[in-house]
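Just one chain is shown here, as structure tokens, and it is the form predicted on its own.
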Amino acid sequence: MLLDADARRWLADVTFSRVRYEEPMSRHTSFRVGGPAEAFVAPKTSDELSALVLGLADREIPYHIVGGGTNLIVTDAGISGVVICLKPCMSEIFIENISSSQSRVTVMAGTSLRLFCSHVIRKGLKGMNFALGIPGTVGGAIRMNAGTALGWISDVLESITVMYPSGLQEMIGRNALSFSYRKLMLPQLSCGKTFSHQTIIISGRFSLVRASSTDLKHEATEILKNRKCRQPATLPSAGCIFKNPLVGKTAGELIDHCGLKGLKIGGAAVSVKHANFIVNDGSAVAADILSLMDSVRNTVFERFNVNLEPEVIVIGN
């Protein structure tokens, strides 16, 4: 336990008593697993968020940022420190027309990617259909450089605004950002402290072009239909569990060729529909999922000498 009585009194003050203790993270992850967060806070304003992260950094209390929890596994032992959920205070979309053919769209990090995609389709703005069906929030999508064969977040991102542990906000242009496959390296400011705290993505600014809303809706229908055919949707999961190797077969193909579809540990199973998905039959705990991931990785390595890298983030004690 990292939060003493003084820290808890301060948390109550800075969050207007909206802090929850021993909050089950199974309520906040798409896998529906995870032990308790020592404290769970959902700030309602950016000022509240700024005061919160500054105070946590000053007190050297670790914090973890979550959005939709769709690319996340929280261990069964839970998380020490504070979990900050961005969805309540950061879910707005602002559109600025910069020419007859182009618009700049600023999207707060807690906005669901689904909502962002559907909103710009209705407005007749092209560029985000590649992300249709990808779960999670815009902040998570930027941090993980979410994408498909149709495109990537980094293709349409113009800039991001981040918040450092000092509470300072900064806008960073696309050319200064270091994107790679499923990853964005965010700058860090230690603020004189050696204790590690996260830089937080506050918003993303996207450059989109005008198009026919009718055409975009038709394209969206086809994309979502194809995703539904290929991917399991009825059981809790975190999407693709492993990154694709840079060359050769995809992670799903490698797992499938090893005959691992349907492999089960506890309540976790390799999907019979898509081999790069692990699903929770409703009884899984985080340890089941992590054990199954290890088993799959070991089997693929023994068979193909390929070391699969997890796409999901694992946090917790």
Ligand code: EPU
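From a predicted model like this one, the values you see are computed outputs, not experimental measurements. We number the residues from 1 along the sequence you see.
This protein has a second form, the form predicted in complex with this ligand, left out of what is shown; the following refers to that one.
Legend entry - Option from 78 to 86, 164 to 172, 146 to 154, 209 to 217 whose residues, in the predicted complex, bring a heavy atom within 4.5 Å of this ligand: This holds for exactly one stretch, 146 to 154.
Inset, instruction - Mark Cys240 yes when one of its heavy atoms lies within 4.5 Å of a heavy atom of this ligand in the predicted complex, and no otherwise. - result: Residue-level check for Cys240: yes, a contact with this ligand.
Inset, instruction - With heavy atoms only and a cut-off of 4.5 Å, decide whether Asp256 touches this ligand in the predicted complex. - result: Because a heavy atom of Asp256 falls inside 4.5 Å of this ligand in the predicted complex, the answer is yes.
Inset, instruction - Mark Lys273 yes when one of its heavy atoms lies within 4.5 Å of a heavy atom of this ligand in the predicted complex, and no otherwise. - result: Yes.
Inset, instruction - Give a yes/no on whether Ser291 approaches this ligand to within 4.5 Å in the predicted complex, heavy atoms considered. - result: The answer is no: Ser291 has no heavy atom within 4.5 Å of this ligand.
Inset, instruction - Check each of Gly252, Gly68, Pro36, Pro43 and return the one that places a heavy atom within 4.5 angstroms of this ligand in the predicted complex. - result: Contact check passes for Gly252.
Inset, instruction - Tell me, out of Gln231, Thr199, Thr106, Ser118, which residue has a non-hydrogen atom within 4.5 angstroms of this ligand in the predicted complex. - result: In short, Gln231.
Legend entry - in the predicted complex: members of 292 to 317 within 4.5 Å of this ligand, any heavy atom: Result: Glu311 alone.
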